[in-house]
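The chain below stands alone, shown as structure tokens; this is the form predicted on its own.
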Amino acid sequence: MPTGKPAVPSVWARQRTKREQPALSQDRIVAEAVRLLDEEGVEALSMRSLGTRLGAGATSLYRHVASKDELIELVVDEVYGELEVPAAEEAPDAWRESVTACAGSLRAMILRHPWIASVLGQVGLAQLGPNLTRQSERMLALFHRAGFPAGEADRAMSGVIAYVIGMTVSEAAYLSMLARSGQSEQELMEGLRRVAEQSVRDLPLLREGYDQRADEDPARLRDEGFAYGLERFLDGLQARLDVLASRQD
């Protein structure tokens, strides 16, 4: 039976060749792909455009990366290596501060690389990548140290990650639109506010909210909105820990 094709369709299921061309390696391809994505967005990413930036033909790239799908897996894992996950402290009460820092780092990573917003749904088995698995292990340790049992720690961690991604993917898409507009965020918001005020003139609750935010710094509002939602989510996790602790008494 042929064994050339991996049973699992992922870059992480294939062994890397021991020898790679000195001038062109998988690591160099991935690093350049991240730069291309940061500068030009996901629409500009192709094996041909990447090869041009590297001074190599697309065929040469395929010796190191089998497909564009595998390249997406690789770049996602690469940027996940930027996360800063605090070590699990001995004191269980430190979990909340550590998870907050970790969530903030994940948000910052997504905002540095807003293209990730459009590829998270197409990364295949990226969770098998070395950076993502290492960071997941460190994050999971925070929830174990907090007092969540093994079966719940993973769910608690997944819930926090889902909140961060859900909030930040929308924020990243907004910031990408802002960059394309050529305006500052303040300029864009002032223009939108005039349109919004007309749209909500007969809706008192929405109008009140727009009025209250009229002179606020939009970047600060984004930070505060993210922090508020995260705090409420962590309140729920703390309530669950309290229940678990009461059952042990």
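Think of the rigid core as the biggest set of C-alphas that the two forms share within 1.5 Å after superposition. For every residue, the number given is its place in the sequence shown, counted from 1. Note that the structure is a prediction, hence the values are computed from the model and not measured.
As for the form predicted together with another copy of the chain, it is not shown, yet the points below apply to it.
The contact residue chosen from 44, 203, 66, 58 relative to another copy of the chain in the model of the complex is 203, the criterion being a non-hydrogen atom within 4.5 angstroms. Scanning 208, 27, 39, 190 against another copy of the chain in the model of the complex with a 4.5 Å heavy atom cut-off leaves one residue, 208.
Heavy atoms within 4.5 Å of another copy of the chain in the model of the complex are found in exactly one of 217 to 225, 58 to 66, 29 to 37, 44 to 52, that being 217 to 225. Although the partner is absent here, residue 112 lies well away from another copy of the chain in the model of the complex, with no heavy atom inside 4.5 Å. Not displayed here, another copy of the chain is kept clear of residue 78 by more than 4.5 Å at the level of heavy atoms in the model of the complex. Under a 4.5 angstroms non-hydrogen atom cutoff, another copy of the chain in the model of the complex lacks residue 105 among its neighbouring residues. Taking the partner from the other structure, another copy of the chain in the model of the complex has a heavy atom within 4.5 Å of a heavy atom of residue 156.
Although another copy of the chain is not shown here, in the model of the complex the stretch 141 to 165 places heavy atoms of 141, 144, 148, 150, 151, 152, 154, 155, 156, 158, 159, 162, 163 within 4.5 Å of it, in sequence order. Once both forms are overlaid on the rigid core, the distance between the two CA positions of residue 211 between this form and the one not shown is 2 angstroms or more. Residue 190: CA moves 2 Å or more between this form and the one not shown after rigid-core fitting.
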